[in-house]
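The chain below stands alone and is given in structure tokens; this is the form predicted alone.
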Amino acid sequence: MPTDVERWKSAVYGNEIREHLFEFAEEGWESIPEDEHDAWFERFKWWGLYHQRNGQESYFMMRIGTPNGVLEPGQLRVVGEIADEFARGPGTNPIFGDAYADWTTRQSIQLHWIRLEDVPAIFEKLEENGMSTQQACGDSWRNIVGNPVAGKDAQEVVDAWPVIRELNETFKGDDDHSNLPRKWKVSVTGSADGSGQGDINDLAFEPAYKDVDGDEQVGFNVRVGGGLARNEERFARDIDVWVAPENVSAVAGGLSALFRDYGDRENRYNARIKFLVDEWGPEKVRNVLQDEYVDFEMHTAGRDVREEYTYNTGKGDRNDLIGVHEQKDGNYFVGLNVLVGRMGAEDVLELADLADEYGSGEVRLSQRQNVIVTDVPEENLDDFLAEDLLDDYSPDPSPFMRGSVACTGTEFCSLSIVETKNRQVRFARWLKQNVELPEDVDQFHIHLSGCTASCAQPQIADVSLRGMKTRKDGEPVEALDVGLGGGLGDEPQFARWVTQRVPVDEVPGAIRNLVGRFAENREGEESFREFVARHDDEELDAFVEPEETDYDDPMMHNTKMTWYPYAEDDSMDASPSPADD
């Protein structure tokens, strides 16, 4: 039997949602029938709108899709202006203020406190500047990710940016691919560093060489069925296909259609292609793709470059794209650390000014929630690096700052169990002041996810933190499960969850003790991930050793039961919702 979501989608879905959305915006929040809230909120996702959590009724999160994280000249300024004008609500964040933009782990942008009535004006401004929220959420093609400096990176094997652009133009808004069983996440990477993180996507195109009629060509190997959510982690499986750049769209469309036709629409928990690959196996996926969806003979897989992958591996020169890097044209791109991916609207606008002054005006977003200013001539580098804004968004940050990733958390998300963004900022600052890593370790990734949806990608971090609840001194408090040793690369590994329900105020002490055990017991110059791999779960649990310190956590209480975690009166009864007209 189809799920409620499938029934709602069968009535209204895809592009046609926009007309209804604009009607509701014109008539106001109260015009949405209360008994139809769930149905309309599910549909609104297709146009990038998530209704915020209980106590924040009538406010939405808006997600803007930026393929491969590319913000063309002028677009960053548009984001800052929209955030400044429209992303202000009744709650003030004590660290980030009243208006800000979030850079996500899928190279998208999220704005909060958006009123339904403002949506048409925001859409108009976005679309006038070549941007859109279309299919940023919902059961369809999501934002396509990859190496954010595609087309500019001196280390790339093949330029993936034209391929990503073609996929975005082909499948965004295509009615044949607009109503899938669940979300469809695609990665296209042309670089040899693995920065597209293809292993954790539904569909991944990775650089590879292939001898075709005696001529060595460069294109992409294909992997299918990766993902992190709901404690059902999978790495994408190799389906033994190599495809030339000009044929990527045909193969991607074939796999999207295969998922559309064969994916599970009766159980949303199982409605991801990773479960279909589990059931069928890679060989059957390939055979069905060839027999039913692709009208040319597909090549077998080529010679990949996975042995060269360094991105998020815990060692090597390019674990991320922070810092100064030469482009293939002789200019430079500069990766800036944005702690937990959140930047105030004023800072967004200032960065847009700096990108115009020192570069081409283009800015790109990475999957580590950071920003990259491209096209900086060598003669401009010193002046750019001396700008005051870079004191807060450093190209050379502490390992604990550059390694911090966090999801939205209970500040806005109805799924999250704990507060995340502000907490991870406080964790990183405390660790920077109180913990010393071995001298040769400049990478240490800590990802904090508020629940098992894994939006912060905790399973691929050195230290993985996942929201839970526990009791301390007889009182209910927020807590975190601790996982260790995750990462990507040629041989990716998911984190092992070794310690459960650590009260949040004891987590920094636990990490300090863990780092101490690492420093004392590592063999030679082994990475933290290698250190974790040679110990069993019982040993690792002992290394964690939760401990109270002088770290103070003001969000220890059950923030899920508040209307806004940082409000002076945070009780649900104090909620100011719905938004005033």
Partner chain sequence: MTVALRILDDGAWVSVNDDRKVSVSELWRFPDPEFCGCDLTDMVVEGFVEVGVDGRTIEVRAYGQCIACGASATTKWLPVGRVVDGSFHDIDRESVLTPTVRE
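Remember, predicted model here, so these are calculated numbers, not experimental data. Positions refer to the first chain, counted from 1.
What comes next is about the form predicted together with the partner chain, which does not appear here.
Of these, K284, R303, R501, K432, which has a heavy atom no more than 4.5 Å from the partner chain in the predicted complex?
Selected residue: R501.
L389, V324, A154, L415: which sits within 4.5 Å of the partner chain in the predicted complex by any heavy atom?
Only one listed residue qualifies here, and that residue is L415.
Which of 326 to 334, 252 to 260, 466 to 474, 67 to 75 has heavy atoms within 4.5 Å of the partner chain in the predicted complex?
It is 466 to 474 that comes within 4.5 Å of the partner.
Would you confirm whether the three residues H51, E57 and R230 all fall within 4.5 Å of the partner chain in the predicted complex, going by non-hydrogen atoms?
Yes: each residue has a heavy atom within 4.5 Å of the partner.
According to a 4.5 angstroms non-hydrogen atom cut-off, is T452 in contact with the partner chain in the predicted complex?
The answer is yes: T452 has a heavy atom within 4.5 Å of the partner chain.
Decide whether M561 counts as a contact residue for the partner chain in the predicted complex under a heavy atom distance cut-off of 4.5 Å.
Yes.
When the contact criterion is heavy atoms within 4.5 Å, does H37 count as touching the partner chain in the predicted complex?
Heavy-atom contact with the partner chain at 4.5 Å: present for H37.
Using the partner position in the predicted complex, report whether E545 sits within 4.5 Å of the partner chain, counting heavy atoms only.
Close contact is absent here: in the predicted complex, E545 is far from the partner chain, nothing within 4.5 Å, heavy atoms only.
For the stretch 168 to 205, return the residues whose heavy atoms include at least one within 4.5 Å of the partner chain in the predicted complex, in the order they occur.
The stretch touches the partner through R182 alone.
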